[in-house]
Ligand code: LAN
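Heads up, the chain below is alone and in the form predicted on its own; it's given as structure tokens.
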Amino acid sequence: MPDGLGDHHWHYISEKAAKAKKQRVLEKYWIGEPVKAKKLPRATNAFDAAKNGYTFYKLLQAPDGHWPGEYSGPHFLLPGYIIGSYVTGAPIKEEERLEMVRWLFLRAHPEDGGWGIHVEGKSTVFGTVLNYVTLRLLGVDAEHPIMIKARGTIHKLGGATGIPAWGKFWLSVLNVYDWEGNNPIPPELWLLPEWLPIHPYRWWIHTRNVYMPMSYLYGIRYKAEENDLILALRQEIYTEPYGSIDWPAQRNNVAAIDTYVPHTRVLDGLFSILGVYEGCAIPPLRRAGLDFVYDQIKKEDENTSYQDLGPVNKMMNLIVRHYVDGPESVAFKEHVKRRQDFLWLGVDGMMMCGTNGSQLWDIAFISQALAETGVGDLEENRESMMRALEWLDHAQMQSNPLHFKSAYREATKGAWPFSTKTQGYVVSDCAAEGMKAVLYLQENLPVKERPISERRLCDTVDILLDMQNSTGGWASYERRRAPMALELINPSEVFGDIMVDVDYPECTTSAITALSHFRKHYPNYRANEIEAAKKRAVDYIHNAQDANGAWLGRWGICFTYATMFALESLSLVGETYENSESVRRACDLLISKQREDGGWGESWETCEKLEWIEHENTQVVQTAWAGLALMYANYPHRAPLQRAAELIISRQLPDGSWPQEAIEGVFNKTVAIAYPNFKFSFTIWMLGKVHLYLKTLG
């Protein structure tokens, strides 16, 4: 790993080959081997600590300039990989199989032996059943002690009949759950008039890209052939004989411990109508729906070189292409190869990531941190920063998707993705943070030596301005296409806000700060439109402020994360602790949450319950976020920032690194996901910035 384009591939080699090809610090660090980095001089101030932090972090930079890292946490990803591979016969290397088993064994709940929706969550039917099945498909015996314990939890929770909708789907594909136990997801929905507010093209992109292949496989009632293992699983995961289960009665049977978004009357009514239709589905209409969906799946594959938007729709698309195109087809073989992009080897084994990585996201933050703090100005760091700039140059998308309007895609020319150019999806905050990083890294270079031209940056501006919603805010992948009322038909049962791509304080801040920074360098390009966009964005930020004074985060945990972004937005228009009631309320909330040790610690459960919940431990990443937030607000009191910096410094190891603490990210309110590179980028950023800031306070 990596392959030069930002794609991450782990390869196993023989002991003999290993003698000739030594592991780098990069590989050793991520799999938990001793890296033997040199002990650095003890930091005497925050800047020295930031410098030490980057001295270590440089060791983790890939030769092509980016920083690889884990992007895992959800417990429903690896099951899709294994089930999809099993039913299509796609091979899994023995070394990978062993590492996957190890990861799942070590991630089982220490008390009840189950698995949650993510690695820090309580055991659920969704997580426990899917990962139990995964281990069985990976060759673990049903009488292994870990399996006995997990099976006991499945039975205590009522058995697999109470698994949520996505779990019902995967079990049906494997042929250990009857399709009659699923609520209808007919492909004919795609044939509805596009002006209808419920047309699937209006759904949030992750949702529509998952339900697209779901509807195909539901429409044909795809299922694996019976074998001894499938027959055994039917006996193991239920609390009653498989043959006696009333399958239609299970459609709305979801275990209470799993339910986050209960069915609304609107959704149940829609399912009732679809159920009636399903009983008399018109064959030509079904064929037309299947053909339309298959064409969209092909376009998604071709737009992304068979990588697809994410691991869930990727494995579903793989099954569809195997079924339609066949096991010897180019499409299926490309899908099989691209599975590897999502696998990550860590200290506890091999896992599946939430996308093919967070490459752009991570490089953008550390680049800005280095530039803003002066750490990047040090001679020993310039070569590293130039490599980062080279990667950013190669990662920018300079054309629109191959299948553009016909695949319901947004423009991508000028954008940066969340992960890699290959994946090829624009995300508003990633395009913005990518542009900010480039502007910082290029600003001291002569114009002729800047790899990314003014024209290419103007393309980014065009993308960002076009993505702003009428509310003044920015969503993630697209402008909002449907009213919020569409959430009334959220069919997932376990994820919040998945139907509409809503506005986010984080995305809005990234976009508007990038546009403002661009305007400083290029004051003549669409200047009036940028100014108008900034005013609308600030209005949105004010309107989005929570009653507690903070802002609710949707991509990081949680109030701490989003408040950092929001206060950066307000700083653009001169709002500070001294002159703004909004800023003062936010700062007062943060100060009230600072702990005796000087740090902050907010639990992922805040995102789920929408109220501040303390983590049992202080977190250096959240302490860095809170410190940056206070500095954006021009917070006038020295002591809280001094104590925060001291806390972060106290956790730093002699080699300049920080140990991994709790999970940092979240999506759809209920799913926590890891951003382990944050413990470098944001700590370095906060320490370098606070060193300068405290000098201004006297």
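Note that residue numbering begins at 1 and tracks the sequence as displayed. All values reported here derive from a predicted model rather than from experimental measurement.
The discussion below concerns the form predicted in complex with the ligand, not included here.
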{"query": "Selected contact from I673, L40, M631, A662, since only one has a non-hydrogen atom within 4.5 angstroms of the ligand in the predicted bound form", "finding": "I673"}
{"query": "Selected contact from F518, F332, W190, F76, since only one has a non-hydrogen atom within 4.5 angstroms of the ligand in the predicted bound form", "finding": "F76"}
{"query": "The ligand contact at G349 in the predicted bound form, heavy atom, 4.5 Å", "finding": "no"}
{"query": "Proximity of T355 to the ligand in the predicted bound form, heavy atoms at 4.5 Å", "finding": "yes"}
{"query": "Contact of Y29 with the ligand in the predicted bound form (heavy atom, 4.5 Å)", "finding": "no"}
{"query": "Any non-hydrogen atom of E602 within 4.5 angstroms of the ligand in the predicted bound form", "finding": "no"}
{"query": "Interface segment, criterion being heavy atoms within 4.5 Å of the ligand in the predicted bound form, picked from 179-187, 253-261, 136-144, 423-431", "finding": "423-431"}
{"query": "Triplet Y477, C507 and N668 all within 4.5 Å of the ligand in the predicted bound form via a heavy atom", "finding": "yes"}
{"query": "Residues from 157-190 in contact with the ligand (non-hydrogen atom within 4.5 Å) in the predicted bound form", "finding": "W166"}
